[in-house]
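The chain below stands alone and is given in structure tokens; this is the form predicted alone.
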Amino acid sequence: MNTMAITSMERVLKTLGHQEPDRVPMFLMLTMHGAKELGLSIREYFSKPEHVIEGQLRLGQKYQNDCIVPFFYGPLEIEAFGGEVIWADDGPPNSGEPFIRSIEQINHLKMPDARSSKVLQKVYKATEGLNKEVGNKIPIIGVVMSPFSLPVMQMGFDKYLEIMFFRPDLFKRLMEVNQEFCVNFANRQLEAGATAICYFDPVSSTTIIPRETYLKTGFLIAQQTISRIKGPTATHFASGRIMDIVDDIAKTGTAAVGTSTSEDIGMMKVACKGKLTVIGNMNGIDMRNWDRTKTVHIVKDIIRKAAPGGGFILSDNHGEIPFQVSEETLMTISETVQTYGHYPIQLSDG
């Protein structure tokens, strides 16, 4: 047996190459749990990049995580546009009242400067600080909202669907502004030391729109945007279904996909084989109530179905693990991967 330890970066790169590394990589997307580690409120934790740096380093070491995520919160980009953020004591911040109140405002919408924005500077500083600490040993995952999904927070679903289907002129204008912002934000994170970019695109999932609409909208937007991002990307659909568009997603230029717990992970692995690395698909909401026995059973089952042959990263299905998930459950996930996730996988059915 080869007992030479490899780094998380080496483990993930081999997995992305659809080969079997030493064990299954594990991405615990713990964005808020650093606040608990530092004894801070969620709002206070995200107030300084130094807090996020320390929180991510502690979490990575505690759970032997194979990635670091200098992501702050979903509406950060809305905040950069001048929109409202609503804070919660036990969950992620959310976007407030949409700042585009009339669809005609889109004609005058101005993009924030992704390089000089004070809000986004926190992300860059956290990324730079983490890069100094871990170098190329652990992947640092930057995050952007796709230009196609961001409008839900900018203007609300009703107005967005109106322009998507009935105002192609305004839809085109909004996509141009959002694409330029997304590309600039992604590339600045890569310059700061991010290894790859997670392209969040829930509106493109077939949970939200049919494939025919996706091919005319989110698919083309993803192709155009990802081609301009100067680093590897993984596309996440925030627990939305994607089985019917797997082949299309592969044509956008992305390297990996986050998968829904609503879809069979074994079937997803077969559909993505040789084309996309599968990331998933533990149910983050249900995870809040897992005991040790259930945790071990679920993690073993996912590994058994999806890990053989490489091309699989164990993670949650949404891209952010809820604040209420206990330390005990997270530690059990990690321990189960360390015990049963070594290649070759030796788990039988049942």
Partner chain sequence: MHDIQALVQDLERALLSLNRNEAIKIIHQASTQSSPIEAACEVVTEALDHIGAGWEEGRYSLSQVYISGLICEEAVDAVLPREAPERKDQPKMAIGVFADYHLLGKRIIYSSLRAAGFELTDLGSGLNTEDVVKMVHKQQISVLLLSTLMLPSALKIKELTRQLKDMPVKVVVGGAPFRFDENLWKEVGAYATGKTPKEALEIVNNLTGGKV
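In this text the structure is predicted, and so the values were computed from the model without any measurement. Positions refer to the first chain, counted from 1.
Another form, the form predicted together with its partner chain, is not on view; read the next lines as being about it.
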Decide yes or no: are Lys36, Ser117 and Val119 jointly within 4.5 Å of its partner chain in the predicted bound form, with each residue judged by its heavy atoms? no
Out of 193-201, 219-227, 141-149, 165-173, where are the residues with a heavy atom within 4.5 Å of its partner chain in the predicted bound form? 165-173
Touches its partner chain in the predicted bound form: Gly310 (any heavy atom, 4.5 Å): no
4.5 Å heavy atom contact, Leu40 to its partner chain in the predicted bound form: no
Answer with yes or no whether Pro210 is in contact with its partner chain in the predicted bound form, where contact means some heavy atom within 4.5 Å. yes
Contact test in the predicted bound form: Gln324 vs its partner chain, heavy atoms, 4.5 Å: yes
Of Gly231, Gly266, Gly91, Gly135, the only residue with a heavy atom within 4.5 Å of its partner chain in the predicted bound form is Gly91
Selected contact from Glu50, Glu44, Asp291, Asp286, since only one has a non-hydrogen atom within 4.5 angstroms of its partner chain in the predicted bound form: Asp286
Does anything in 151-171 come within 4.5 Å of its partner chain in the predicted bound form by heavy atoms, and if so which residues, in order? Phe157, Asp158, Leu161, Phe165, Phe166
